[in-house]
Ligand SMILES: NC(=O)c1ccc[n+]([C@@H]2O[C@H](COP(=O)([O-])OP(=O)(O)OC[C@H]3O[C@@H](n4cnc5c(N)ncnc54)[C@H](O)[C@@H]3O)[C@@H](O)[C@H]2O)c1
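Below you will find one chain, with nothing else, as structure tokens; this is the form predicted on its own, and questions on how it binds or moves follow later.
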Amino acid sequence: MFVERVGIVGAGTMGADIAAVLLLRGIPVRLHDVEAQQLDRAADRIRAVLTQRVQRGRLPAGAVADRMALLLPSPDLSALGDVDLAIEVVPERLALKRAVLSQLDHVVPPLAILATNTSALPVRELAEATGRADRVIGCHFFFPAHTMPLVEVVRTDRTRPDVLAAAVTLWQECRKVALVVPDQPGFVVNRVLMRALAEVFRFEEETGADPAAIDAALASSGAVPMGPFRLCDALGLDVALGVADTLTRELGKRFTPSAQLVSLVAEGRLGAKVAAGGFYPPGRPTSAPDLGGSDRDRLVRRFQLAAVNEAARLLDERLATPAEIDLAMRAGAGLKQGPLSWADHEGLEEVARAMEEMKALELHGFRVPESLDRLVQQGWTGASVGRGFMQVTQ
């Protein structure tokens, strides 16, 4: 099957960005939201994205009007009655997403694909709210969707092969890296990234270091393109907390959200999308005194080791290959180097030793994963011998 028209439910920042991705390739979009003002704001954002592409020479002059003509914003859900694929992009609440998918099930054509942009919720549980669970998939985009190259295409044990293939083809036509991942908590990117971010938040609680200083230290090290506190502000602290809560519930305490994150959300300080801000409230300086050299090194190493630890757990559970994990982390989280490649270059014996030290300090969730221990025992100690994580096949 081919996807020629796409419906989007939810005209927030992510919904607007996904619409822009499709319109850039000339694919008609039906955009629904119950709030007319939200639809107007989404149209403005989409127009700005398209205009930027024209200014950069990536679209011809006059393309903005042509592409905007393909956009049908509507507060009436029935406007999605002729789409081939409909994707919900509503807040990360299970009951809400199930309700939206159930409504879509009665609106879109019988053979249309239903998709969710959930960051961590179980896709199968969402699919069960419909009468077409075999035609429901996850299409997980990353912020900002019009620039980040990855889409995690989430398959359940009921997803039809032709449905999966149609979604992959669509996003590839939109010049995205469409990586098929299994339906498990956090999929690949958020599971690894949120584990590493949880370690950063614990560092902040233990040391009292300024979030801006932590952000600057991690960004300047090259470990991340954007500091974690600023990233959470951009994504929405409620979204970050929802993902952390889901992962904590499903996978354990190593994902436990920080007390400060919980407190800010309770106060309604959800990040850049609200006037009160989040970790960076209005008027607060975006810079802070540098972390000391030893603190900086300790912070960066804890971030990297936590990412490797969770990536190796994915290998232990046979949920993804090393190449898939590193590709996902580079294309979805913007890392310059995937965590498993980083471990290979550090030396797997050294990485295993460092994790044992972390375990001895009783830091949350640190242990030597089975896959790492096995490679060390086999003498596959990393890049220095040309054999490490990145040579593992499954």
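Keep in mind that what you see is a predicted model, and the values were worked out from it rather than measured. Don't overthink the numbering: it's just position in the shown sequence, from 1.
Quick note: we don't show the form predicted in complex with this ligand, though the next part is all about it.
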### Contact test, all of 15, 117 and 143, partner this ligand in the predicted complex, heavy atom 4.5 Å
yes
### Query
Which residue among 269, 230, 155, 97 has a heavy atom within 4.5 angstroms of this ligand in the predicted complex?
97
#### Entry: The unique member of 91, 109, 252, 292 whose heavy atoms fall within 4.5 Å of this ligand in the predicted complex
91
### Task
With heavy atoms only and a cut-off of 4.5 Å, decide whether residue 382 touches this ligand in the predicted complex.
no
### Query
Even though this ligand is not shown here, does residue 44 get within 4.5 Å of it in the predicted complex, heavy atoms only?
no
### Query
Within a 4.5 Å heavy atom cut-off, is residue 35 in contact with this ligand in the predicted complex?
yes
### Query
Is there a heavy atom of residue 239 lying 4.5 Å or less from a heavy atom of this ligand in the predicted complex?
yes
### Query
Okay, which stretch from 329 to 337, 351 to 359, 26 to 34, 56 to 64 lines this ligand in the predicted complex, with non-hydrogen atoms inside 4.5 Å?
26 to 34
